[in-house]
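What follows is a single chain, given as structure tokens, in the form predicted on its own.
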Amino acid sequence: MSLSIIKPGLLDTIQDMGRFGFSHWGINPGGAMDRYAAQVANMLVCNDAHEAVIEMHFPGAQILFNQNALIAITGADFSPTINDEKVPLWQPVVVRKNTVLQFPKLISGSVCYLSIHGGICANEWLKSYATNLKVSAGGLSGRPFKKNDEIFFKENSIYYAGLLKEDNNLHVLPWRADVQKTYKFPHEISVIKGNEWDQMTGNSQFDFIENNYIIHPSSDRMGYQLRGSTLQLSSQLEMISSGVNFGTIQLLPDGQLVVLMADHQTTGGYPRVGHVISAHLPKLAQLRPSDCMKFRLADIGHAENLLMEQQRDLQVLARACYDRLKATVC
């Protein structure tokens, strides 16, 4: 069972939730940019939330299914179609073999995910299937997809092919994930104060919260370069390199900010003036170059409550999807 890449997209890779526990070796976690969307994609097709998925940026790939498959597409809206028939997002879909999935038009968002029931076969490296482009490990030989690549997926545990009617290329299952709460107010990103927040001048602290920032076109999976008001420290600060994480906001020597993303380095020597709260990392990941964003200060208690609520919703979704699919195919 497999799918074939007819035409690769801008940056199509296999990702999972990342490889943790190796930062002391200088190996970052990596993994999906929008871990929430990747988890939901897996839950919709009754996979474990940490199964490998295909991550795509626009323009997306053209993919030929060599076998009937139960799939879900989540995250950004690239107008997915199967043989020119529209495919809904955030909803499980059964697709017929020898059909082609395409992404012809960018509507919104930055990165989308394709999950396949059973999971994707990929190269494991340090307990993860996530593609690490720097060292060419994990995923599909540690690289983005190329034309004529064949991606194999694992054996099905649920029989769903009978849901396809004889003349239909796809069958949409009648339930979907409600993600409005997670992506509400997409350009407002809540942050908590970083270790060096108090080292900024009062005016810079005010500007950090009150002014908008634009994501620079040079941004990538390693970090979003921001352009906005020039911020300053109250005095010259000498720092040793310290640990950083997905969502750490650093103040660069030119007074501009960078937000570290999925492929961030493990340590950094620039002042850490803030950290994006975990519950808002999905919104951050879906912002594109030239998008505008605004920071909102939050406290740790509020950040923890939002994250716990998000995790509870994911647990409910996983159970509901399993029950609905089992009832449907049985």
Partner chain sequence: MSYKIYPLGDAAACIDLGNIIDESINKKVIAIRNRLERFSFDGLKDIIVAYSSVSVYYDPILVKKPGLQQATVFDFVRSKLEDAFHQSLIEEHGNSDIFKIPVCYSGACGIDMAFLSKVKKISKEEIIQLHLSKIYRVYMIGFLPGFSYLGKIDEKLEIARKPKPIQVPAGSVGIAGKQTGIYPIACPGGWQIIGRTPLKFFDPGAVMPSRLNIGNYVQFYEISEEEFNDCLVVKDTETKH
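Numbering follows the first chain given and starts at 1. Remember, predicted model here, so these are calculated numbers, not experimental data.
The form predicted together with its partner chain is left out here; the points below concern that form.
Among 97 to 105, 212 to 220, 236 to 244, 147 to 155, which stretch has residues whose heavy atoms lie within 4.5 Å of its partner chain in the predicted bound form? Checking each option against the 4.5 Å cut-off leaves 236 to 244.
Of the options Asn83, Asn195, Ser141, Asn203, which one has a non-hydrogen atom that comes within 4.5 Å of its partner chain in the predicted bound form? For this set of options, the contacting one is Asn195.
Heavy atom within 4.5 Å of its partner chain in the predicted bound form - the one residue of Trp90, Tyr183, Tyr160, Trp125 that qualifies: Looking at the other structure, the residue within range turns out to be Trp125.
Would Met261 show up as a contact with its partner chain in the predicted bound form if we use heavy atoms at 4.5 Å? The answer is no: Met261 has no heavy atom within 4.5 Å of its partner chain.
Check whether Ser290 has any heavy atom within 4.5 Å of a heavy atom of its partner chain in the predicted bound form, and answer yes or no. Ser290: no contact with its partner chain in the predicted bound form.
Verify the contact flag for Ser136: yes if a non-hydrogen atom of it lies within 4.5 Å of a non-hydrogen atom of its partner chain in the predicted bound form, no if not. Flag for Ser136 set to yes.
Can you tell me if Leu307 lies within 4.5 angstroms of its partner chain in the predicted bound form, counting non-hydrogen atoms only? Yes - in the predicted bound form, heavy atoms of Leu307 and its partner chain come within 4.5 Å of each other.
Using a 4.5 Å heavy atom cut-off, are Phe20, Gln265 and Ile277 all in contact with its partner chain in the predicted bound form? Yes: each residue has a heavy atom within 4.5 Å of the partner.
Select from 294 to 324 the residues with a non-hydrogen atom within 4.5 Å of its partner chain in the predicted bound form and write them out in sequence order. Ile300, Gly301, Ala303, Glu304, Leu307, Met308, Gln311 sit within 4.5 Å of the partner.
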